[in-house]
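This document starts with one chain, in the form predicted alone, laid out as structure tokens.
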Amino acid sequence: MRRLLLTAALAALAGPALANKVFVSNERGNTVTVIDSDSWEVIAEFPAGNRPRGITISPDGRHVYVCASDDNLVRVFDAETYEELPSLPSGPDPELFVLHPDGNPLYIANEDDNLVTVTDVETRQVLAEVPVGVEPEGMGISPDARFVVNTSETTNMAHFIDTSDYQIKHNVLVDQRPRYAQYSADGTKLFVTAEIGGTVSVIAIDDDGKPDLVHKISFEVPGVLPEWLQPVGARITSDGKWLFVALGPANRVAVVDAESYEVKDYIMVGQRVWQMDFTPDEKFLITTNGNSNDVTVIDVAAQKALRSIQVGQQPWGVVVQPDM
């Protein structure tokens, strides 16, 4: 009996892995919805300022950062209690941002003033303001944190900003209205989506960080008008094999072989799919669907949609809490 009790106690201590929280920003609802990634149930919703769009989380999973676009700042929340913490300064109309892999600083695209703002998340001070193209939107950071990439919607460029001196070292012309920039885990490729151009630009990165545009991925779905195929959010698996691209009003996520650049399939999701994020184990990919007010959970290995979950009004961004 004593051995049985000891075994039970040890099992209880080991326990199952805790579920990761999924945080969804609701642009029109002015809230963040929280989903449990084990039960896939909504467990909370809290106010997040005016027009929350970009959303990310600290590497330790403790702090959630939200671009409150109409408040012209970044709101910060405790990931466990949802208590609002002191906000961070940004320029006007922050839309997307990216954290340094170490968790500090935060690089913010401010759509209305053509600047990328660099903000220290601990001192809450602006470290730099980097002039970029017109209507800065997407933000990406190289795995070695040497370069931050901003995409400018109207200039149609990807700007490579050196994080050591905040100077633009390279510019790459891409297709119309670039929305998102996603590095491969090994840093050798950068994928830039173009919403109106209807393509994803593949940019090879050499050992010195110099970019070279090598390919453009296009999309075609029978029965779907070409103008509805609008690449926005993108995610690549850590092994570099699969690229998933949200196609906006086409209501589909494209599955692309990230080595051959061949489009292998299209996964039907909710209406106006926008942003996406993986669970830490990359078993699932969660998409935000703005016009159907839900998120779709995709089985990554099977490459199929499993379920939809109703969230707040016009979900925009999503981030999954890392393992803690």
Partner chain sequence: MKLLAPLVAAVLALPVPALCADLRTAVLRVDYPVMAPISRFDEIPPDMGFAGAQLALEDNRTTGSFLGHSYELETVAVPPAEAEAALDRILGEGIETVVVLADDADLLKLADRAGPGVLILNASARATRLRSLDCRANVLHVTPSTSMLADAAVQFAAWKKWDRLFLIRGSHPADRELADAYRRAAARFGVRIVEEREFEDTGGSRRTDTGHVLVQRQLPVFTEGARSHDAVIAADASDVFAPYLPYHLWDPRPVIGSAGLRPVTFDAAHEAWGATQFQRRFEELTRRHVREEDYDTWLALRVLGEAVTRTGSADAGEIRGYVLSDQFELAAFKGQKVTFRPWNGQLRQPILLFDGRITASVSPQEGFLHQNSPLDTLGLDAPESQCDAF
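Positions refer to the first chain, counted from 1. Owing to the predicted nature of the structure, the values given are computational and were not obtained by experimental measurement.
The same protein also exists as the form predicted together with the partner chain; that form is not shown, yet it is the one meant from here on.
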Spot the stretch among 184-192, 119-127, 231-239, 151-159 with residues whose non-hydrogen atoms come within 4.5 Å of the partner chain in the predicted bound form. 151-159
The one residue among I168, V202, L99, L73 placing a heavy atom within 4.5 Å of the partner chain in the predicted bound form is I168
Within 4.5 Å of the partner chain in the predicted bound form, heavy atoms considered, which of G103, P131, G209, P143? P131
Does the partner chain get within 4.5 angstroms of any non-hydrogen atom of G197 in the predicted bound form? yes
Partner contact for R51 in the predicted bound form: the partner chain, 4.5 angstroms, heavy atom: yes
So, S87 and the partner chain: in the predicted bound form, are they within 4.5 Å at any heavy atom pair? no
Distance check, T81 to the partner chain in the predicted bound form, heavy atom within 4.5 Å: no
Could you run down 76-112 and flag each residue that has a heavy atom within 4.5 Å of the partner chain in the predicted bound form? D93, E111, D112
